[in-house]
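First, one chain by itself in structure tokens, the form predicted on its own.
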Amino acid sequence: MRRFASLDSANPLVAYLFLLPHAVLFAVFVVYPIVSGISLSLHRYNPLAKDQAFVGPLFYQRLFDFSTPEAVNFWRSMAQTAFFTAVVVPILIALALFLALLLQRPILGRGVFRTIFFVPTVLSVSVMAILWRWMSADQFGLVNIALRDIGLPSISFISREWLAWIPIIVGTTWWTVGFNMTLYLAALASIPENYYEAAELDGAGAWGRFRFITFPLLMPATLFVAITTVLASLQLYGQSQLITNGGPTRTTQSGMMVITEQAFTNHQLSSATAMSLVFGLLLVVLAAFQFRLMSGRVRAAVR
């Protein structure tokens, strides 16, 4: 006890003692899995063999050889994931900001409406996906029943290419927009009211106050919302798996679905590990690029 009592804030060991728990957890749950994954991707894994054959970068080469089915399926699914991200991210940012601006005002039932928009975020992806699959089913879905009741033809959302993206995109928006809305509400509450009062005295209208006060001061929140939404969208899995099962004809299959299929359906763990490492590297590069691009705009906006 005396030895620990002698460790004051000026002792350099104190900093390392505080960092040690995080360093241990980081090494066990981040460094070790990455190193093991790299090693696995360089061997032809066989769970029944004692020694795993070293093949070097073979599985990485196959990923960039478009004559192989692995490369075709992987990069096609990545393009489809990018399409989903490009569509859903602007919707989730713009709609969340719009709802936050509406619900920031002192309107009747504001707390009720905030709760209504936020409640879907507490659902699991399986519950959300089953709900939207039931609503958009080709024959007996709630949407098609409503369309037939008003005399309109039914729409085959699940079995037609590209239309199958509609329940995935709409369901994801309904599921997650409330979380982004809550982040924007917190950011709006932190803007001093005297900024708006000064702008009104200078004759600024509603659009001017939003353009020169609200939007620039929301840029740090927008940076966080954009990065987290992009990364979450690129990891699309549950919605496509449970709503469309990647169909029809693999047109809604995401990158995560192909990696899972390669590992647990085709039993090619080494190939799936190579896919996941390439996918993870792309996420890191994209996140760094996005942060660098938007952080400059944030600094310019808050000056």
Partner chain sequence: MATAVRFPGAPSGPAAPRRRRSVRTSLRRDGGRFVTLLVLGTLFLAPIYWMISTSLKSEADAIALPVQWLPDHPTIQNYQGVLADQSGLLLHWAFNSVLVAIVFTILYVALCALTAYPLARMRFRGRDAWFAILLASMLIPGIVTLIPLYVMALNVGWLDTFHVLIIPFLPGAFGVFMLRQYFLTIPRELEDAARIDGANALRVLRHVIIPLSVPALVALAVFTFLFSWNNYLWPLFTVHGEHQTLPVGLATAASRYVTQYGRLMASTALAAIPAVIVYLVAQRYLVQGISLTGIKE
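Residue numbers count along the first chain shown, from 1. It should be emphasised that the depicted structure is a prediction, and the values quoted were computed from it without experimental measurement. Between two forms, the rigid core is the largest collection of C-alphas that superpose within 1.5 Å.
Just so it is clear, the following notes concern the form predicted in complex with the partner chain, a form of the same protein that is not shown.
Legend entry - Heavy atom of F157 within 4.5 Å of the partner chain in the predicted bound form: Although the partner chain is absent here, F157 would stay clear of it in the predicted bound form, with no heavy atoms inside 4.5 Å.
Legend entry - T273, heavy atom within 4.5 angstroms of the partner chain in the predicted bound form: Because a heavy atom of T273 falls inside 4.5 Å of the partner chain in the predicted bound form, the answer is yes.
Legend entry - Contact label in the predicted bound form: W165 to the partner chain, heavy atom within 4.5 Å: Result no; W165 lies far from the partner chain in the predicted bound form.
Inset, instruction - Would you check, heavy atoms only and a 4.5 Å threshold, whether N194 touches the partner chain in the predicted bound form? - result: Contact check for N194: no, nothing within 4.5 Å of the partner chain in the predicted bound form.
Legend entry - One residue of A94, L152, A186, A79 in contact with the partner chain, assessed in the predicted bound form (non-hydrogen atom, 4.5 angstroms): Contact check passes for A186.
Legend entry - Interface residue in the predicted bound form among A86, V122, A198, V72, criterion: non-hydrogen atom within 4.5 angstroms of the partner chain: None of the other options qualify; the answer is V122.
Inset, instruction - For the stretch 24-62, return the residues whose heavy atoms include at least one within 4.5 Å of the partner chain in the predicted bound form, in the order they occur. - result: Going through 24-62 in order - heavy atoms within 4.5 Å of the partner chain in the predicted bound form - the hits are L25, F26, V28, F29, V30, Y32, P33, I34, S36, G37, L40, Y45, P47.
Legend entry - Rigid-core frame, C-alpha of A288, shift of 2 angstroms or more between the shown form and the other one: Result for A288: no, shift under 2 Å.
Inset, instruction - Could you check whether the CA atom of E197 moves 2 Å or more between the shown form and the other one, using the rigid core for the fit? - result: Shift of 2 Å or more: no.
Inset, instruction - Return yes or no for A146: a CA shift of at least 2 Å between the shown form and the other one, with the rigid core superposed? - result: Yes, its C-alpha moves 2 Å or more.
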